[in-house]
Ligand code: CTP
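What follows is one chain in C-alpha cells, specifically the form predicted on its own.
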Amino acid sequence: MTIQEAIQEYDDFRQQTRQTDSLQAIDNPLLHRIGETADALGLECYVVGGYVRDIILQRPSKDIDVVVVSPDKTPSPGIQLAQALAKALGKGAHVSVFRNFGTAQLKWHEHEVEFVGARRESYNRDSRKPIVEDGTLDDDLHRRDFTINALAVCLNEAKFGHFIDLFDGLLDLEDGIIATPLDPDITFSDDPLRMMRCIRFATQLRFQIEEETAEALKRNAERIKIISQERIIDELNKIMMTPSPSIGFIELSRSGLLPLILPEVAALEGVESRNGKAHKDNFYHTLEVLDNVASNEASLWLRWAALLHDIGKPRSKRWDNTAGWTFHNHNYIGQKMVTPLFRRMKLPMDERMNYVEKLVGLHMRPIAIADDEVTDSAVRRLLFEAGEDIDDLMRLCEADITSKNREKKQRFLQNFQLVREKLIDLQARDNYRTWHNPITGEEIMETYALQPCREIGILKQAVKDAIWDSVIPNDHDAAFQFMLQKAKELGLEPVKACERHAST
C-alpha cells in the first residue's frame, strides 16, 4: 500500500471529501531531497511516527522523524544522512549532532527534522532509559509506543510513498483507538511515561483507549513513580492545553494515576451523604469548570487555576445540622496548598505560581459580590486585590457557575454582568488596576518617629478602607489628613518637622 492509498482508505472510512493537503505533506521537496541524499549514500530512510499519523488525520505537524537503515551496518547512519543533507541544502541548513544518542537534528527554514538510526531497545526494571542496539526497520517499529505511532513511509525514490503498517495502526486510526503494538504491560512497564502519553493522545485525538491497554494502565500505575516530575508535567501540560482536558483527567482517575500524580485533585472525587443531604462531586465539577475555561482558549496558567480552584474543599468540608455540608474558607485553604503543590510537581515557582495562587484565593469573591448588592466598595476591593488579573478572575468565576438550575445560573450570570459593568466604570474613573496605598509605612514612621510596629499596619489599613469605601478621595493629601486623624485616636502625635529631620 502507498501513503496515498492509506489516506484514501481513511478518507473513505470518514465518508467525507478531503483536499489534497495530506498528499502534499508527504510529496514535498524536502522529503524528496532526504530520499535522494539517502540514495546517494546507499541508505534506506523512512519518515515515521507522529508525522505519518498526522498526515493521515490531516492534523498540523511540524516535527519530522526520519529513521535511517544502513544495509552494511554503517555506524550512526542518521547522523551521516543529516550532515550530507545539510551540505546538499546549503545556506540556511543547520545540524545539531548528539553522538551519545546516535541522533541529529536538522533545521532548515521552517522545517525541523530528527534523524536516527534504526534500533532495538531493552530495559532494566528500575529505569526507563533503554539499552540501545542497532536494528532493522521492523525492530524500530516494534519499539514504538502505540500502533498509530508505528507507521512508516519510505522516502527512497524507488519506493517513495510506500506505506508500512505492521500493527494495523491505520485500522486503529479509523476506529479511534489507542493501543500498543506489543503487550501493553511490557510497553508501560519498560517506559512508564508511555502511560501519560497514552492518556495525552486519547485526549488530544479524542480516541478511546483499547480495553486491554486500559487495564494495563491500572496494573502498571505505580511504575509512574520512577518518572521525573519534569517529564510528567510536560505530558500533563499537553493534556491541559487540549480543547477538552476533562477527558484526560477522567482517564487519569480511572487508571489510578491521578492519586499518584495529583492527590489534591484526586481527593475531590466522591459524594458523601448524611441525613438525606449530599454535596456535589467536586471532582467532576472541577473538570466542568476546566472545560468551560478551555473553551475560551485560556492560557495554561488560567487552566491550572481552574483545576486547583477547589482543592481546599476536602480539608474544609464540615457537616452542619442546619446548613448541611459546608466548605467554609476553602478558597483560602486551597490558596495555601498551591505553593507546596507547585514545588513538588516542579512547576515554576515564579509569577506564574503567584497568579494561580491569587486566582484560587480570590475565586469566591466575585461570586459573593454577584450574590449580593453590587456596591462600589466591594468592587474596588476586588479590583485592588486582583489587579491586572481581574479579567482572568472573572472568566474563572463565570466558568465556575455549573449549576443545573437554569434560573439560578442565569441569575448569577446576569449579576456577573453587573459586576463587569461596575468594574469598567470604576477602572475608567479610579484606575484601581494599578492602585497603591498613597500612604507608605515609611511615611508613617517618619511622621511619628516610629520603629516598625503594629500601629503602622493599623493606619495603612484604615487609609485603604477609607479610600475603598469612598470616605475620602484617592489622593495623597486627603489620605494624609485622614491618617493624622486616625493616629490621634491611637494616641500618636506627629513630631515637628525639625525633629523628624533630626531623627533621620
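Everything numeric in this text was worked out from a predicted model, so none of it was measured. The numbering used is simple: start at 1 and walk along the sequence shown.
In what follows, reference is made to the form predicted in complex with the ligand, a form of this protein that is not presented.
Heavy atoms of no residue among Glu264, His285 and Arg318 are located within 4.5 Å of the ligand in the predicted complex. Note on the interface: of 380 to 388, 412 to 420, 200 to 208, 393 to 401, the segment with non-hydrogen atoms within 4.5 angstroms of the ligand in the predicted complex is 200 to 208. Note on contacts: among Glu44, Asp65, Glu455, Glu446, the single residue with a heavy atom within 4.5 Å of the ligand in the predicted complex is Asp65. Out of the listed residues Lys238, Arg365, Lys358, Arg119, Lys238 is the one that sits within 4.5 Å of the ligand in the predicted complex by at least one heavy atom. Although the partner is absent here, Glu251 sits far enough away that none of its heavy atoms falls within 4.5 Å of the ligand in the predicted complex.
Taking the partner from the other structure, the ligand in the predicted complex has a heavy atom within 4.5 Å of a heavy atom of Asn149. Proximity of Arg143 to the ligand in the predicted complex: non-hydrogen atoms within 4.5 Å are present. The ligand in the predicted complex is not approached by His330, whose heavy atoms all lie more than 4.5 angstroms from it. Along 180 to 194, residues Asp191, Arg194 each place a heavy atom within 4.5 Å of the ligand in the predicted complex.
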